Every structure is written in C-alpha cells, then in structure tokens.
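In structure tokens, the next block holds one chain alone, the form predicted on its own.
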C-alpha cells in the first residue's frame, strides 16, 4: 500500500531527478519510476531513476541532520561517505527528507562476495578524519541510543520467556553503553555499521561508500566494529570473514583496536551491547509476528545468557 510519505517521496525524487527538464525516461528502466527501497517509521526510502529520497524519523533533530549531511559532503570524506545531492532537507508528512544518488548495494544473495576488506578500510579512514575540520558541533554517535531503543521495543512487545536473559545482559553493561551517560571517545563514527550500509559510488570509479548518516557522530570507534564482532562471537560470522575484516582494519591503521595483539579488551563492551540489541529486536519481532525464534535468533539469546554471567573485570574501558 502506498503511504502519503511514499507518494510524496516519489514526487520529490522525480523532481530532483529531472530538475534540468526533459522527458522522464525512467519508466523504461528495469525499476519502477518510484521504487520503494524501505518503508519504516525511522526510514522511508524511495528511488526514482538515479535519485533516492529518504524520509528520516519524525523526531530527527533538524540541526543534527544538517551537520551530519554536511559531514557526508565534506571533501575529507569524499572517498568514504556517499555525498548527498543537496545539503538542505525538505519535509514530507512531518518528516525531514534528504536526497542521495542511487548506488548498487551489497548483494545479500552472495555472502561469499561480501566486501569485508573494503568495509574495514572505509571504517579505518572514517575513524582517522580529524573531527575539528568537519562541520559541527558534531552530535554524539547514536549507537548506544539505538541499543536502548531496541530494549524498550522488546519491553513494549509483551512478555517473552527469553526476555529475562536479555534484560540481565543489558543490566551488566556500563551506563554509557546503555545511553545513560555520555560515551567516551571522540572519533567520527558511523554508528550503525552493517553490510547494508554500503553502496557502489555511482559518480566515480564504482568503489564502495558508506551510507546512512542518521546515527553518525562522535564516539568510541570500537562501536563500528561491534556488530561483526558480536556475530563472530555468537557463531553467526565465519572465522575467516572476521579475520579478513579485522586484518584489513588493522592494515589500514584503524584506531579502534591495537595494531597487534588481543582486540577484545576494546571490542568487548560494544560487542556485548550489539548482541543485546540484536536479541531484543529478535524477541520484539517474534512476538509481533506470532512466531518462535529461529536458530540464529536463539544463538543470540544464548549469548545474552552467557554475557549476564561474565565477571566485571572483563569489562574494559574503550580505547579512545
């Protein structure tokens, strides 16, 4: 069903794609003229030909969004982040809308071709950019806030027999990882890194770029490595893939972990938090869909049960 937001984004994207006039030839392409890429309360994304229009969450701070868009457009990050087509946002159905070039995403049907090395190299470059050269003031990276919202969503979904393990793992995290106090670290961070956040640069040589600036900001760079780390720890990411990712990050001079030796003192807390976030969302979705947890979701819940019993001395301070 087409929502008012989707219809508005289709019109905006079409206008942006054809701002220089001329007939619309996009209907002749394989995709429909207004192709819905996502439609959620926090992100509705519609493509028209070479243009993507994104409606951000209704509670998005317009000032912070403007700063994040300015960062994405900054020359220091030209080879790291996909730059927006426009710096200013418009409004659709009460939500701010930004415009982006369309780039080919990672193919989820080809996990063996996942660009782990490119992802790690982009992150290392992102973390290395001095924040004082960027537009500001930079807002905090929103990773811990997303984890907290996932737990709230689980609590609002209703009772579930596995929620207790998730709550116990959540309670064992330090306050900053639960978004209850300022997070340490002053690096520029993506804040929600996963393979769905990469596209091919449509205007350059086709190399990978990071997208989705909604959670970008200052924080602990280890948070950007936390999801792959959590998946590896839960058995959901193959050891070879984890080794490729971590090795490439270190080879590129990434600041989140030591260049050699054990990376887990830096990764442990963020990886625990992402494990809890993933488990909380799994429970919320399973309750909403009236289904049992699948095998992967069960592995994450089991990991939460183990996290809840880890000794406090394994909770280190972030690296930066």
Partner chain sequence: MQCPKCGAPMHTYNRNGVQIEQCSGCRGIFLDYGELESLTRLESQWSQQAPPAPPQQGYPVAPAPAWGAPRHGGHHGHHGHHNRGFGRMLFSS
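Numbering follows the first chain given and starts at 1. For clarity, every value in this text was computed on a predicted model and none was experimentally measured.
There is also a form predicted together with its partner chain; it is not shown, and the following applies to it.
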{"query": "Stretch in contact in the predicted complex with its partner chain, which is absent here, among 136 to 144, 190 to 198, 216 to 224, 83 to 91 (heavy atoms within 4.5 Å)", "finding": "190 to 198"}
{"query": "The unique member of 247, 184, 111, 202 whose heavy atoms fall within 4.5 Å of its partner chain in the predicted complex", "finding": "111"}
{"query": "Option touching its partner chain, based on a heavy atom within 4.5 Å in the predicted complex, out of 157, 129, 233, 148", "finding": "233"}
{"query": "Close approach of residue 239 to its partner chain in the predicted complex, 4.5 Å, heavy atom", "finding": "yes"}
{"query": "Residue contact check: residue 52 to its partner chain in the predicted complex, 4.5 Å heavy atom", "finding": "no"}
{"query": "Residue contact check: residue 294 to its partner chain in the predicted complex, 4.5 Å heavy atom", "finding": "yes"}
{"query": "Contact label in the predicted complex: residue 262 to its partner chain, heavy atom within 4.5 Å", "finding": "yes"}
{"query": "Residues within stretch 257 to 285 having a non-hydrogen atom within 4.5 Å of its partner chain in the predicted complex", "finding": "262, 263, 264, 268, 271, 272, 275, 277, 278, 281"}
